[in-house]
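One chain comes next, on its own, written out as structure tokens in the form predicted on its own.
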Amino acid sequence: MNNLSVSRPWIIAVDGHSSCGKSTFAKAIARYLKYSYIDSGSMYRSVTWFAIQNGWISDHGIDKESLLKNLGKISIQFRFNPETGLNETWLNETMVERDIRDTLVSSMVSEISAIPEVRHRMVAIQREMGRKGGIVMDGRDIGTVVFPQAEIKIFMTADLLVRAQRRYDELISKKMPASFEDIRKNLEHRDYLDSTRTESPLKKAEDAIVLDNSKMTPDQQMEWFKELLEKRKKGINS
């Protein structure tokens, strides 16, 4: 039995830099514990895609006034696809899982997610999703802002070039256009924006455990997590 033997299901927060494998790791944890997985990054990507589709992102910048006026019209859900065995992101009843991985979305999502009103709206939705516990959520500020009370907080990082290669391989596998150098520059820029923004910047929670997975396989990461889990169940901080 993998489920945690506690009266209330736990909340597990996985924060960290772009393209360090947070989503893959968080999904694996959720499967192992039979918990729900929530991809907060997809939520901000969905808002970015929504703004692009409505013409509120252009060469002139972001039309924040129009975006904020329409924030209340945004509905985001995660639905399990039994054919693929994967969770998919739905924006206003449209499946956008592939669309939100677009390079234009990637180049703008940090700026959209830095808008305070956007973050407040997404955080409110995330907290409601995790109200009863039993979730694994990954993002930038899950352990510091969204769920500071999370029972397990993990901060993931990896070498920039390793992250760029992983992102490049992901796009190529999905038959999407990709340039390694463009991806590297984009990740470097996103790291800067995420870490320096005024609203909920990316930073490690004081009680988070750091996982540098630059040289780790997915299986090795799960072994690391299982060891951490056993220690936490025994009340050992590490």
Ligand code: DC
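Since we're looking at a predicted model, the values are computed, not measured. Counting begins at 1, following the sequence as shown.
Form predicted in complex with this ligand: not shown, discussed below.
Colleague: Among 154-162, 107-115, 69-77, 88-96, which stretch sits within 4.5 Å of this ligand in the predicted bound form, heavy atoms only?
Modeller: After filtering at 4.5 Å, what remains is 107-115.
Colleague: Please check if Y35 has a heavy atom lying within 4.5 Å of any heavy atom of this ligand in the predicted bound form.
Modeller: No - in the predicted bound form, heavy atoms of Y35 and this ligand never come within 4.5 Å of each other.
Colleague: Even though this ligand is not shown here, does S40 get within 4.5 Å of it in the predicted bound form, heavy atoms only?
Modeller: Contact with this ligand, yes.
Colleague: Even though the partner isn't displayed, in the predicted bound form is V136 close enough to this ligand, meaning a heavy atom within 4.5 Å?
Modeller: Judged by the heavy-atom cut-off of 4.5 Å, V136 is well away from this ligand in the predicted bound form.
Colleague: Evaluate R101 for contact with this ligand in the predicted bound form, applying a 4.5 angstroms cut-off between non-hydrogen atoms, and reply yes or no.
Modeller: Residue-level check for R101: yes, a contact with this ligand.
Colleague: Pull the contact list for 133-155: residues with a heavy atom within 4.5 Å of this ligand in the predicted bound form, in sequence order.
Modeller: Residues within 4.5 Å: G139, R140, D141, I142.
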